[in-house]
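This document starts with one chain, in the form predicted alone, laid out as structure tokens.
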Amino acid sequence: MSIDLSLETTRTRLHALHQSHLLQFASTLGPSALRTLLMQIESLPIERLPSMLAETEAQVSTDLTSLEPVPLVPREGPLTSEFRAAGDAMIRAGKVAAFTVAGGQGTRLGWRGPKGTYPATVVTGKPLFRVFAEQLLATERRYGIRLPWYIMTSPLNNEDTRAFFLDNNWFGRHPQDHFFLPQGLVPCVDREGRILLSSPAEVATNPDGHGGAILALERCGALQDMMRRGIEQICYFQVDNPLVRCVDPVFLGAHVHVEHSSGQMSSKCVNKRNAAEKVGVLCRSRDRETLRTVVIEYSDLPRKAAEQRDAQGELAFGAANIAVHVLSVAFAHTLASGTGARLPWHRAFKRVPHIDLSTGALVEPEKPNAYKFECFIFDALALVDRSLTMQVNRVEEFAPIKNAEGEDSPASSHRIQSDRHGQWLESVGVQVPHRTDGSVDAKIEIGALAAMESTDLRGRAFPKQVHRGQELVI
């Protein structure tokens, strides 16, 4: 199609949607810039904006007075062997896929590039993508399967992410078992619902949130690819946690256990460090006569609830959400296709730089001036029949790298990684030094190709002792 024909088609579409101003500067643009603008406008869900505005205007907040602690199923408990057997069977039958949300950049860490390329391990500095790839490769070898990996990128890092996998020879895995899908974007709008321009040739947009992962799976054909491969369950995790169990047979088995779950969507949690930890909390909220699992952000949880203790003296609302889920392909398809329940949109009023339509000058607002829309993956929990929450050990499974310093930083993650691997070595009789606070006083790194859990180390020969300050790689 020629630019002229595309321009007229776009102009007609925008006129019907009362957004014609997006082409106000079209006559000043060169062919390349105009083509880019037209392609961007074509890709945006502009027709959905009125319903998104109406939905978020009328949105009812969770009744915080009806919250109850969510029932927890421990990963290490009386049913662990049963769960593991069921999960093993699913993995061995090729019914499981991994899905990583990796749209972020490493800007907050001072890293130039996709966050998945950030060096995350204690001694060798393996990038996050390699950490996960080695887990998946080890899983493939253990079960004798091919395990597909779906990776959600962003428009900012999609090309760099693909190039990173190619440059690293797919980390020893089959290239065709990787599926990259870019995250969706939604326009930013002012109070009247008018879409803003960030430049004469670009619409102001923002990513559609981690809940957009479900929409991206459908839009890019990934769900159809899963069904063609016979995949039934999706192991969802975010890119910043090097200790995540990418494909956990125990979690998978619990997820489909008929007494605990409907097999639609399940979550993992760890105990909060303290009442003030800035993390979302898994709770239950009453919807008429039904209790639904929800995630309440730390800023919304009432202080009284945050500090409440149970009979054992533990935080009653201490189930910290670590953004690790399993959801069925069928449920994801229902959410994304619009044939049933779907994820709700949320909006936030933010400062968004934009072009003044009368002068063409860039405006840098001092106060919030526009709505940004996004959806959250955890909102899907309230849409399932029965949702399971599995409690796991923080040292075993959660050491995120989010901040340059302090909590959830490379330094804190490295310490937790060493603590986990030190405990693994102690479980097979190796003496490991500790600091006065109980943390391991050494840098210990055990790669997934060597062991995916402590029991994988049994029967192997190791030094009798790790020395204080030693760097050890296994």
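For clarity, a rigid core is taken as the largest C-alpha set superposing within 1.5 Å between two forms. Numbers follow the displayed sequence, beginning with 1. If you're wondering where the values come from, they're calculated on a predicted model, not measured in any experiment.
Quick note: we don't show the form predicted together with a small molecule, though the next part is all about it.
With respect to the small molecule in the predicted complex, the three residues Pro69, Ser285 and His325 uniformly fall beyond 4.5 angstroms at the level of their nearest heavy atom. Contact with the small molecule in the predicted complex, judged as any non-hydrogen atom within 4.5 angstroms, is confined among 304-312, 99-107, 256-264, 223-231 to 99-107. In the predicted complex, the small molecule lies farther than 4.5 Å from every heavy atom of Ala120.
Proximity of Leu388 to the small molecule in the predicted complex: non-hydrogen atoms within 4.5 Å are absent; the residue sits far from the partner. Taking the partner from the other structure, the small molecule in the predicted complex has no heavy atom within 4.5 Å of any heavy atom of Thr293.
Using a 4.5 angstroms limit between non-hydrogen atoms, Lys126 is distant from the small molecule in the predicted complex. Just one of Glu374, Glu202, Asp88, Glu134 comes within 4.5 Å of the small molecule in the predicted complex, counting any heavy atom, and that one is Glu374. Site annotation in the predicted complex: the residue of Arg173, Arg342, Arg394, Lys402 reaching within 4.5 Å of the small molecule with a heavy atom is Lys402.
In this overlay on the rigid core, Arg303 has a C-alpha that sits less than 2 Å away from its partner position between the shown form and the other one. Here Lys350 counts as shifted, since its C-alpha moves by at least 2 Å between the shown form and the other one after the core is aligned. Once the rigid core is used as the reference frame, the Cα position of Lys372 differs between the shown form and the other one by 2 Å or more.
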